[in-house]
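Quick heads-up: it's one chain on its own, the form predicted on its own, in structure tokens.
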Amino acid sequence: MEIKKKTNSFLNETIYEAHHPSGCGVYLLNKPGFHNYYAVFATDYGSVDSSFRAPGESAAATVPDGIAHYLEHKMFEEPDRNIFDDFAKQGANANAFTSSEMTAYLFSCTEHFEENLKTLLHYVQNPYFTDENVEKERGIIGQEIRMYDDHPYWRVTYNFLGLLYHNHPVKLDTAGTVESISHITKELLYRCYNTFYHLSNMSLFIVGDLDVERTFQLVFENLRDQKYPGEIERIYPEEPSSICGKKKIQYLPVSMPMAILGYKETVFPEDGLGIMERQIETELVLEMLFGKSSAFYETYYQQGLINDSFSNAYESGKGYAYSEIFAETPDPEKLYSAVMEEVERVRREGLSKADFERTKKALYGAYIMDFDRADDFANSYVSWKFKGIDMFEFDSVYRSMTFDNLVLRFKEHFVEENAVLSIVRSK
């Protein structure tokens, strides 16, 4: 076993990395004196991966929407034990989640770390699907889907994505639909598991006060010997650069209208470093224009057009990327107009270099603080690794970012013809 040690002297943090013979990447963030342990075992497989060609197969497969999420639900079931009970007896909180890009299984604990780690590695590597337990889950997930059909935040989000994207599956609900999950069988679950849960497509990240060599040894002893099967070919529909629609309103009972407005990305870097640079640049511009220390926020907060919920983000993945601004606001259309006017004002007058320096320091400080939030950092590290990016490079990219970079990013991304508005309000 070869253990690589990567130290970021600026952050004063060290990550240890080793690769199991199967291809699974294992990463340890050792934090002496840290009282909590956190581990996430994840696969590079999410809701957008419904069409693919498995290694060694000539024909492509298309599986029902929502199957990655369905598979996550079923991974906790075994014929003679309850995984959640095992974790609870060992003093751990366990959970899992499926996103558009990744499925992750995790736990946190303050004691019995090694027993909990063995439990995590065991159940994720030992699926148990039967006709009966798959059918039983269908009703549970169907209820979840119906519940989110009337969930205001869920609906304003997916309506927003539906405005941005014509064909890309990121627009589809992670859980699928009641119709799509009706076609999921144990055979399809095993097919997706065998394709995407091969250890070469997975990563494990552990944070805590660790005996590094002992922890690596424990992990390697509990990972299966698997030969590399080859690359998975993920197939996505062709997506135009244009938006699919401009505005959508859905009527649901809410005390205050909700709105998400944002811009569809039309420029896609070719490598991981380019993706990281684009992410940082766009986040910086969003914060400069619409962050809580911006003149825009102060003005419209005082006027009552926005409240503390006002936030912004930039999301990117396989074949998609977009910026978004979320708000609870009494007048979504007025807010949209205000955002467009602010963008046009900046286009005329230019970005502020003083705002750039201030915002750059603030966001860099937030990045450093992530190292103290074990779960957030571990999840982010694995997610970025699947994109071919090492989060330890973030600080060098941040520090090398120039004002000219941001000016170009602003002009490139904040184009009104790529902007959309999603609204949920009461009738």
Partner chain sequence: MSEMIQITPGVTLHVLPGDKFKTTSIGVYFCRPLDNKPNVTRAALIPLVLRRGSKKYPSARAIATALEEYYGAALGVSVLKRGEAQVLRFGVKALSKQFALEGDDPVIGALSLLLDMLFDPVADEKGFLEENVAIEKEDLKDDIKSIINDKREYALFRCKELMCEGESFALSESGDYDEVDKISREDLYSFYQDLIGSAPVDIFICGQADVQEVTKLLKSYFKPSCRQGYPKTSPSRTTGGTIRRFSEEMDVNQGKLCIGFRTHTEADSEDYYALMVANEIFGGGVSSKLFNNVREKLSLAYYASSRLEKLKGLMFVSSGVEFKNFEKAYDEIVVQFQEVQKGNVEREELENAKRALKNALLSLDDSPRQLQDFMVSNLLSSGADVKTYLEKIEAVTQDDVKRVFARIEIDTVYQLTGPAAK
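Numbering follows the first chain given and starts at 1. Remember, it's a predicted structure, so these values are computed and weren't measured experimentally.
There is another form of this protein, the form predicted together with its partner chain, and it is not shown here; the text below is about that form.
Asker: Candidate spot F84, C109 and R373, all three in 4.5 Å heavy atom range of its partner chain in the predicted complex?
Answerer: Yes, the whole candidate spot contacts its partner chain.
Asker: Would you kindly say which of E231, D131, D225, D150 lies with a heavy atom within 4.5 Å of its partner chain in the predicted complex?
Answerer: Flagged contact: D150.
Asker: Pick from A18, V407, I15, L11: which residue has any heavy atom within 4.5 angstroms of its partner chain in the predicted complex?
Answerer: Contact check passes for L11.
Asker: Which of 217-225, 304-312, 122-130, 156-164 has heavy atoms within 4.5 Å of its partner chain in the predicted complex?
Answerer: It is the stretch 304-312.
Asker: Is A92 close enough to its partner chain in the predicted complex to count, meaning some heavy atom within 4.5 Å?
Answerer: The answer is yes: A92 has a heavy atom within 4.5 Å of its partner chain.
Asker: Can you tell me if R358 lies within 4.5 angstroms of its partner chain in the predicted complex, counting non-hydrogen atoms only?
Answerer: Yes, R358 sits close enough to its partner chain in the predicted complex that at least one of its heavy atoms falls within 4.5 Å.
Asker: So, in the predicted complex, is W384 in contact with its partner chain at a 4.5 angstroms heavy atom limit?
Answerer: Output for W384 is no: heavy atoms all beyond 4.5 Å of its partner chain.
Asker: Just to confirm, V254 within 4.5 Å of its partner chain in the predicted complex by heavy atoms?
Answerer: Contact with its partner chain, yes.
Asker: Considering only 283-309, what residues come within 4.5 Å of its partner chain in the predicted complex, judged by heavy atoms?
Answerer: Residues within 4.5 Å: E287, K292, S293, S294, A295, E298, Y301, Q302, N307, D308.
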